[in-house]
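Before any questions on how it binds or moves, here is one chain, the form predicted on its own, in structure tokens.
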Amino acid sequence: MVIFSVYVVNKAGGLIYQYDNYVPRAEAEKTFSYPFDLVLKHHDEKVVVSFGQRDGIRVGHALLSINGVDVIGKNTAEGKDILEYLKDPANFPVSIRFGRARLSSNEKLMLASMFHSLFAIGSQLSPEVGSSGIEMLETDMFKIHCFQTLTGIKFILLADPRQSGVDVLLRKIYEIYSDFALKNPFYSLEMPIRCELFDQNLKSALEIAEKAGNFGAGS
């Protein structure tokens, strides 16, 4: 079983902790001749495929490297604009690696805030008073699980749909937060969590859960 990532969101909707436990890297590398037959565009400081799919390369995939050298945002390692570079026949044939780009820090902050708002909307849409809000969202590839404490802190976990014992694991993460963040004299409430013992114990809990396929009360 796989646990992908953990997010901790404060009561105002700010992301105060995020850990990527496992990020699948669906990548494809291909050698292209001139003229280049995919349509690329700039998007959020990256170059992504906007039209054309082939050999494992999909719309939305980001360009990651050219001739084995990682690109830097919208530019090659030499500082040249990638779109201009691929217009020059002298640069072909060229080997390009595509894949899903990792979320930036700003994107993670934005997504955490969006989930906070969605959680509030879910509570307001409830036909009954006192709804707990969203506890789980499911896709074909993963599930988003959420546990909100009485003080409004949200612990969000992305996991394989087959992963069991997630509710117990979320409460275990809350326990780790209480023991190693709240009891840390240098930690301020609602602020980003930067505590080595919190990191270590969180990683240990995730490792136990993945190996067992579940997280029982005695773990």
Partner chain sequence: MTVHNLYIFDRNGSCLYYNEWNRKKQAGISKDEEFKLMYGMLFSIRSFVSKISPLDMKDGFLSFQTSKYRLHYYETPSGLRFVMNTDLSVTNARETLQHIYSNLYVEYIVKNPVCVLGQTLDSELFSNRLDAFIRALPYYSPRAA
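Remember, it's a predicted structure, so these values are computed and weren't measured experimentally. Residue numbers count along the first chain shown, from 1.
There is also a form predicted in complex with its partner chain; it is not shown, and the following applies to it.
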Under a 4.5 Å heavy atom criterion, is residue 136 part of the interface with its partner chain in the predicted bound form? yes
Look up in the predicted bound form whether residue 58 has a non-hydrogen atom within 4.5 angstroms of its partner chain, and give yes or no. yes
Whether residue 74 contacts its partner chain in the predicted bound form should be assessed with a 4.5 Å heavy atom distance threshold; does it? no
Can you work out whether residue 124 and its partner chain are in contact in the predicted bound form, taking contact to mean some heavy atom pair no more than 4.5 Å apart? yes
Which residue, 149, 95, 131, 106, has a heavy atom that falls within 4.5 Å of its partner chain in the predicted bound form? 131
Pick from 186-194, 31-39, 58-66, 173-181: which stretch has non-hydrogen atoms within 4.5 Å of its partner chain in the predicted bound form? 58-66
Whether 4, 144 and 158 jointly form a contact site for its partner chain in the predicted bound form is the question; each needs a heavy atom within 4.5 Å. yes
Taking only heavy atoms into account, state which residues of 98-121 are within 4.5 Å of its partner chain in the predicted bound form, ordered by sequence. 100, 103, 107, 111, 114, 115, 118, 121
